[in-house]
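Consider the single chain below, provided in structure tokens and representing the form predicted on its own.
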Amino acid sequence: MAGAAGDRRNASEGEPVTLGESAYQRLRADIVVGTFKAGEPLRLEALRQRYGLSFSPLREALMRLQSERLVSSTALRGFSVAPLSRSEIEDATETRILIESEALRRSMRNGDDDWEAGIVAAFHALNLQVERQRVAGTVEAADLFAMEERHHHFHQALIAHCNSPRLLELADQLYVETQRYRLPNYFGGTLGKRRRDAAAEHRAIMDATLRRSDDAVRLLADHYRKTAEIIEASIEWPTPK
């Protein structure tokens, strides 16, 4: 996940990033983990003081986050964190399933030995982090970010050979949209306390994918829907007026 480590250099390419990119990464990270709550105003002067950046890159970041549905704006009230809703998490989850199911089918058709090795390596790295946290008994924020990064990498590895940059971009965008529902619940302990063997779910998805089985698509969809169900049950939704 993008954060302070990615402020000055692109994590994947090692290249310097613009001030607008830095503002985008830092602001998105704070929205996703719940530092800024749903509906909270995002006033430029307060953001300038928080991040030490001028108004221009902050506006650029806010406009970009608005296109990703993480920020809302009105003519009179300016920018604010987009609200949370049951309909949004359900829509984002089902759209993510639609996109990644197709990407997974294509990857299973196109994938080679390197693709398979990448999936196995990503699964192993994720399991190492899960086991590390289990042994420690306590979870720090840095541990959760490390696990989230490895979790994301595993799901990226599954669809990496779909040969469609647009599908991959949409998958990443939808990952972030659902991440802002999921991560605050991890910090609050809600998801971690639910009886669920996510490692077994990931292994089942991996095994079916490596067999090039249609079961992989079904297991992936079940995995995402189960997460959405837990999130929906854990959030105190506003009472409809």
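All of these numbers come straight from a predicted model, not from anything done at the bench. Here, rigid core means the biggest group of C-alpha atoms that superpose within 1.5 Å across both forms. Residues carry their position along the shown sequence, with the first being 1.
Below, we turn to the form predicted in complex with the DNA, even though it does not appear here.
Listed residues Leu42, Ala38, Val176, Ala29 were compared with the DNA in the predicted complex; Leu42 is the one with a heavy atom within 4.5 Å. Taking Ala204, Leu183, Leu53, Leu70 one by one, only a single residue has any non-hydrogen atom within 4.5 Å of the DNA in the predicted complex, and it is Leu53.
The stretch that touches the DNA in the predicted complex, counting heavy atoms within 4.5 Å, is 75 to 83, out of 113 to 121, 75 to 83, 165 to 173, 100 to 108.
Under a 4.5 angstroms non-hydrogen atom cutoff, the DNA in the predicted complex lacks Arg212 among its neighbouring residues.
Contact annotation: Arg59 falls within 4.5 Å of the DNA in the predicted complex, judged by heavy atom distances. When the rigid core is held fixed, the Cα atom of Arg166 travels less than 2 angstroms between this form and the one not shown.
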